[in-house]
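Single chain ahead, written as structure tokens, the form predicted on its own.
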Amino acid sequence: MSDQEIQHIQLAEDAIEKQTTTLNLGPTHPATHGIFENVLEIDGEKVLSAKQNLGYIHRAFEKIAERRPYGQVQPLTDRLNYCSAPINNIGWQLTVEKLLGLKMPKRVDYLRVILMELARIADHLVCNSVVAVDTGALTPFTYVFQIRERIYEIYESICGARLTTNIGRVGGFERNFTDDTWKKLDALMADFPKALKEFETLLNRNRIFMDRCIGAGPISAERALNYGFTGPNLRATGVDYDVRVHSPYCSYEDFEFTIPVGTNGDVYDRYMVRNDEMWQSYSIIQQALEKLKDLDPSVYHADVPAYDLPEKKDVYTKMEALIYHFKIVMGEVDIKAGEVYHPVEGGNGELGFYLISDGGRAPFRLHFRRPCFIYYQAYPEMIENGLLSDAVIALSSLNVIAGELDA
């Protein structure tokens, strides 16, 4: 064979090797679980590179908040991570209370803890069961969604809403928990361990599930910290950072719980960390229920009449109550000037509210620190040189919620 023939063959082989395909994963695609797009360059099933495009559901929440009274900002927070809306609501309430210098009664703190941990369980159930679905296992999804529905029924008994809850108010709660709420909560606490154990039995040591998840979509602790990861996605890399422990709020310092961590930062570690966190949340709720037994059951709000909507019977019969009712409903309560940042441990990590007040009736500036927006930036790096099927479950295990990503 002549040198010229060898050269032609080599050029032909190079041309074949360089052929790649551009694939749009989204913006509306069953594997993305939200409205966002990933433009992948693939060679066969191997992902060579990825580029994200955002902005498909941008709703300008931060700008809208500048024209709303403080109490009316709360429904905007519902629409961030809508899988765990009560955490968003309470995070906003705590931010305003921090600016005002309000201290909550212990019972309010413990009631909030119960709601936030229920929301964390619901959030993790969605994430882990969807990871299972994306690996081909539908049965675990149907098992745990019954538990999620029961958590939503508890929300409904407290505030009348299920998904976007608008639960609680600055200073505590609009009303006390009902007998129906406590009955539903007690029944859930009795049944939850069995349901979660069944879920773990189906997946944790399942050979197919493990083969699909171990080593898929990994990220190191160093790279995760460089990107600004928090929450389960950071803890899966081995870093034990949890806002509830490092910057306690709502009396979390009164509770005993551990911080589950992983080692490899891959899909399987993220799955296992969330599973272990559900057990910790269950334990925290049990402790909170025990602590509530020693407290006055009639307390559900701090003594701050400027932010606590008075009872209707008082509005009809007392001038002072009528004035407070009018000012609160019409958004005519001035908030003192100041600048605060308050983080909470959301379902996906550190959810922070950076608030600047100029002393008016609406925020001068408000910024949401959305954990999804931060760790989604690492997605191309995590799936590069992996398989297309791994890109799907890597995205699911990150638990990217479109409402929080693209607020």
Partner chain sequence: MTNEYIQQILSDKFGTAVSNFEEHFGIFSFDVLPSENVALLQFLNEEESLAFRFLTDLTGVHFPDRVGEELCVVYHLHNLVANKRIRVRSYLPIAQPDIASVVNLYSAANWMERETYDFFGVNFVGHPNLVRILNVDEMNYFPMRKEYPMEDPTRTDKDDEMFGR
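Positions refer to the first chain, counted from 1. Please read these numbers as outputs of a predicted model, since none were measured by experiment.
Unshown form predicted together with its partner chain; subsequent notes refer to it.
Interface residue among 138, 190, 319, 330 relative to its partner chain in the predicted bound form, by the heavy atom within 4.5 Å criterion: 330. A single residue from the set 206, 164, 247, 286 has any heavy atom within 4.5 angstroms of its partner chain in the predicted bound form; that residue is 247. Heavy atoms of residue 52 reach within 4.5 Å of its partner chain in the predicted bound form, making it an interface residue. Of the heavy atoms in residue 374, some are within 4.5 Å of its partner chain in the predicted bound form.
Although the partner is absent here, residue 309 sits far enough away that none of its heavy atoms falls within 4.5 Å of its partner chain in the predicted bound form. When its partner chain is considered in the predicted bound form, residue 48 lies well away from it, no heavy atom lying within 4.5 Å. Heavy atoms within 4.5 Å of its partner chain in the predicted bound form belong, among the stretches 256-264, 333-341, 287-295, 111-119, to residues of 333-341.
Using a 4.5 Å cut-off on any heavy atom, the residues of 208-235 that reach its partner chain in the predicted bound form are, in sequence order, 223, 225, 226, 227, 228, 229, 230.
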